[in-house]
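Read the single chain below, which is given as structure tokens and is the form predicted on its own.
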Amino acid sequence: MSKDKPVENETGKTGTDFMHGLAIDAVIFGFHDHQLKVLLMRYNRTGVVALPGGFIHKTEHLNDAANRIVSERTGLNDIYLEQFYVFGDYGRSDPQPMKDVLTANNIKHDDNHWLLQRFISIGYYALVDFTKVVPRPDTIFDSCDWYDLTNIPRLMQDHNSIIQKALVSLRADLDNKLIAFNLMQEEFTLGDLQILYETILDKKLLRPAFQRKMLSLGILERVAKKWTGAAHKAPYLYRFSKNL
């Protein structure tokens, strides 16, 4: 739901314009300077905290819906979203948090309200530099903030599990989908790249083995100059191959 549409369009009793029983939840990871965070929303007038999520219009492509939902919920645009899993366990849907949201916002409802029924959720994740984006919460949220992965509160439904699954997927995709590489400067050292990998993987990597692995992927080109910092032995600069 966009800022120029009334909230009732989505929270209305029948949800006429939306696919019933199907939702999208987005895990937006933020990386910067050895830190990995996740973007979470707090619903208006409640203590309910959740991932940015929403519902699919009946006439909308799935990926278009994911981008629209992230834009409307968080104000973030033009970020790459990767679909990673479908969450459909029978026990994942607890109507109580949404009842609390509807009640706190004076939205009339009964147990047959479409938002209180069982939903299967399609998970997407993204990775951004959290210093270069300014999240802006949708009108149904009090806040939209970055949380350290070690300090995530109890979230609605199975959103804590969704984050863990997204993190597993992000780590698995580091090499084969090059998801994290958009965070690097145009030219960088292998040490810079190793910091990114270590932060996401949450473990130290042996430098020689890491460098051999990165160079064997065939995705890097060495620049004809070295880094000009204060290191005793200036490392080479690299950039991603133009053939990617």
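Everything numeric in this text was worked out from a predicted model, so none of it was measured. Don't overthink the numbering: it's just position in the shown sequence, from 1.
What comes next is about the form predicted together with a further copy of the same chain, which does not appear here.
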property	result
Answer range among 142-150, 69-77, 120-128, 95-103 for contact with a further copy of the same chain, defined in the predicted complex as heavy atoms within 4.5 Å	120-128
Touches a further copy of the same chain in the predicted complex: Glu60 (any heavy atom, 4.5 Å)	yes
Contact flag, Ser161 vs a further copy of the same chain in the predicted complex, heavy atom cut 4.5 Å	no
Proximity of Tyr85 to a further copy of the same chain in the predicted complex, heavy atoms at 4.5 Å	yes
4.5 Å heavy atom contact, Ile56 and a further copy of the same chain in the predicted complex	yes
